[in-house]
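Only one chain comes next, encoded as structure tokens, the form predicted on its own.
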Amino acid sequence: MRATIIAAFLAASALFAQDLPRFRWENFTTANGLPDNRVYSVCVDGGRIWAGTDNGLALYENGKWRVFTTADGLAHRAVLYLALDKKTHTLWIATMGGLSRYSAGRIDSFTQLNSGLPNDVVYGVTVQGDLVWVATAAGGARLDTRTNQWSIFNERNTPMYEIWTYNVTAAEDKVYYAVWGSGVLEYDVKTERWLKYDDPDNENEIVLFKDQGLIHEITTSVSYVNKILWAATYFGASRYDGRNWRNFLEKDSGLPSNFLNQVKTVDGTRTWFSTDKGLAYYDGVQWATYRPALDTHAPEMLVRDAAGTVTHVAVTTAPAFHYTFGIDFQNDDIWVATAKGLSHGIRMKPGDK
């Protein structure tokens, strides 16, 4: 009887896991051609994969790597974030020493000395039509690529009281900034007005009022799709649908950690989280975590259902490292930037082993 119950449970767990994406992972490091194993950002442009590393920009194409450095015009060797203009295939490159643009095989760079960039430390960048929005250590900025005019956003003309902008995302109707120590800023394209979202309890260490607002002031990433905002912090994640907030913590969700480097939503519901303890996925009900196990470093996939039951799914490969910085999508596959290499998750079909 006991054996029958166990067998039924394992069978149900296997079916349950099939509802969540499973991957066969291949990993790239300096041994394969990366300029550095610390990969901060990854950006997919069709069959071209761009990787921003601690020692240059790398392009993976036709099975080979090409590396771009400051000698090629890159503003700084440390590339923190990448954003693609899907219409022109121009790549915008946020670095520790300015904003760079790769277009038609050429790199041009913008700094405080030659442009309206407010600070040379650029943490994030996103494209909104002809506008390029950037997040810097001294506020946000917007470049109109038609007129080459810059606009600066800081404590003087927005509700932010800290000017360390860490990430930015844009859609047709809204632009959102993750401001380190100052919550999330929303820019309404139609009204040109700014709105600020704060942690309502103003507590640094605990969450007193769950689901009453942004989970924490120290925000690291924002993602906005289908009028749903996700915000990542070093103390959990928040989801906002324009009326209601919902917060997620390691203790009551499938997040492997409250320390989040990036959040990226597919459609407002299906969402990916890059954390210091693994890559996590949420489909609105179930959770999955992909990583090398923290103790044994063996490949590991954990699944958590709506009731909180955690199941270990047998896998043979894993991302390069559990400390993840960000992801991008290539059809059904994903690419993951980690602290010890770049990982390619090849989506497996039901029945694949």
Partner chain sequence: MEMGMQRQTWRTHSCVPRRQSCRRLALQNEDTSRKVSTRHARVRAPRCASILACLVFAAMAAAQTRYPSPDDLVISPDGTRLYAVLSGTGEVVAIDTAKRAIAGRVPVGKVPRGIAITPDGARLYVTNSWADTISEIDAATMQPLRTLPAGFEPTGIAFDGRGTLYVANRLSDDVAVVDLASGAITRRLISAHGASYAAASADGSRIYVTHIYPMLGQFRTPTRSEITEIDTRSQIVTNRISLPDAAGVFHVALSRDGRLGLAALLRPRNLVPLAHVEHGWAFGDSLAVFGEDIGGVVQLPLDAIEDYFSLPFGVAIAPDKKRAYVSASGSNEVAVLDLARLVAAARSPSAARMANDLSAASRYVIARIPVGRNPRNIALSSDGATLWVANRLDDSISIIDTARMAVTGSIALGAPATLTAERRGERLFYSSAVAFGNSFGCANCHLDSTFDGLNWDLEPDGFGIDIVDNRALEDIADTSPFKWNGQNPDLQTECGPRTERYFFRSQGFRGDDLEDLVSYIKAIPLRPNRYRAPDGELTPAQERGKAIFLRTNRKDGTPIPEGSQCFVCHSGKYYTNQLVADVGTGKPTDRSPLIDTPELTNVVNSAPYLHDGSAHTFEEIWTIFNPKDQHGVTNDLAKDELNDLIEYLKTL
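Numbering follows the first chain given and starts at 1. Note that this is a predicted model, so its numbers are computed, not measured.
The discussion below concerns the form predicted in complex with the partner chain, not included here.
Colleague: Looking at 219-227, 236-244, 142-150, 75-83, which stretch has residues with any non-hydrogen atom within 4.5 Å of the partner chain in the predicted complex?
Modeller: Correct option: 142-150.
Colleague: State yes or no: in the predicted complex, is some non-hydrogen atom of Lys264 no more than 4.5 angstroms from a non-hydrogen atom of the partner chain?
Modeller: Flag for Lys264 set to no.
Colleague: Given that the partner is absent here, does Arg106 sit within 4.5 Å of the partner chain in the predicted complex, heavy atoms only?
Modeller: Heavy-atom contact with the partner chain at 4.5 Å: present for Arg106.
Colleague: Please check if Arg193 has a heavy atom lying within 4.5 Å of any heavy atom of the partner chain in the predicted complex.
Modeller: Outside the cut-off, so no.
Colleague: Is there a heavy atom of Gln112 lying 4.5 Å or less from a heavy atom of the partner chain in the predicted complex?
Modeller: Gln112 belongs to the contact set for the partner chain.
Colleague: Among the candidate residues Val127, Leu117, Val121, Leu214, which is the single one with a non-hydrogen atom no more than 4.5 Å from the partner chain in the predicted complex?
Modeller: Only one option qualifies, and that one is Leu117.
Colleague: Between the options Lys174, Arg270, His89, Lys277, which residue brings a heavy atom to within 4.5 Å of the partner chain in the predicted complex?
Modeller: Among Lys174, Arg270, His89, Lys277, a heavy atom within 4.5 Å of the partner chain in the predicted complex occurs only for His89.
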